[in-house]
Structure formats: C-alpha cells, structure tokens
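One chain is shown next in structure tokens, namely the form predicted alone.
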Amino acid sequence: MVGIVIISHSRTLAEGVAEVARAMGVGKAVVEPAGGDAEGRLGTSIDLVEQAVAAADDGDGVVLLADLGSSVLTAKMLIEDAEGDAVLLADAPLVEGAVAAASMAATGADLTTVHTAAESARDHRKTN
C-alpha cells in the first residue's frame, strides 16, 4: 500500500493531520507524521522525514505532503537524494491533500493515483 508522510514545521500539526488522514483512510492507510525539528521545536528535520518515509514505505511508494517553506525544501531534498521515483511530493493543501491521499491509498491504488488524488484536493473549493 502507498504510504503518506505529513511534513510540517509543527510536530502537533503533523500528528493532527496524520490522525485525521488515518481516520479517513479507514484505518488501512499508513500515514506518518514528520513535524518539528529533532528537539521537538518548530522547524523541520530531514532525519525525521527519512524516518517517517521508512516507516510508511512498504514497497509501493510514498506521497509526501508539506506545509510550507522549509518543509517543502526538505521534501524536495529527500526526493533528490532518493533512488528511483518511489517518493513523490504532492502540490496540495496539507489537510485536504492528506485526506484525499489516505482515502485513495486505502483502496489499494498505486502511487500515481494516490499522488493525483492528493493534488486534486486543491481544486475542491469551500465556497463558490
């Protein structure tokens, strides 16, 4: 199953988004948080992201969702260093993208389909 990693400057935010996404993935989707720096403060940590990717990856690939700024840069750095194309960064709103990705991953969809589902979340408007 495709795994999902939530990258945020805040550990609490990453854990909360992962919790919601897991629930929407009906307990089947593997969603790992990677929030904050190594000391638990606001920031990002490539080591935490690498650990989360390793925990989420069962061989079918991983979709990354990042909040902003250095979280996005950290995700891009991880992808550049990764071998192959089994880790993709979704250009998506964090919560909505995570929910869409987890819902799709729970169906057993492939990496491209889960990534596309996450990115399609940016088109879902809350108002007209």
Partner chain sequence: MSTGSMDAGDFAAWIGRTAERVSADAERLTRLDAAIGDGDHGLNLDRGFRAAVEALPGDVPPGKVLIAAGRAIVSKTGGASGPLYGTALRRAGKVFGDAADVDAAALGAALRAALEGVQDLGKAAEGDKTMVDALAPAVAAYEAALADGSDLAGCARAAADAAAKGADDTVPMRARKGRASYLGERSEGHMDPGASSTALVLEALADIAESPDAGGSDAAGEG
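Residue numbers count along the first chain shown, from 1. This structure is a prediction, so every number in the text was calculated from the model and none was measured.
There is also a form predicted in complex with the partner chain; it is not shown, and the following applies to it.
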Taking the shortest heavy atom distance, is Leu73 within 4.5 Å of the partner chain in the predicted complex?
yes
Can you tell me if Glu50 lies within 4.5 angstroms of the partner chain in the predicted complex, counting non-hydrogen atoms only?
yes
In the predicted complex, Asp58 touching the partner chain (heavy atom, 4.5 Å)
no
Can you check whether Ala54 is within 4.5 Å of the partner chain in the predicted complex, heavy atom basis?
no
Candidate stretches 40 to 48, 95 to 103, 24 to 32, 58 to 66 - the one whose heavy atoms come within 4.5 Å of the partner chain in the predicted complex
40 to 48
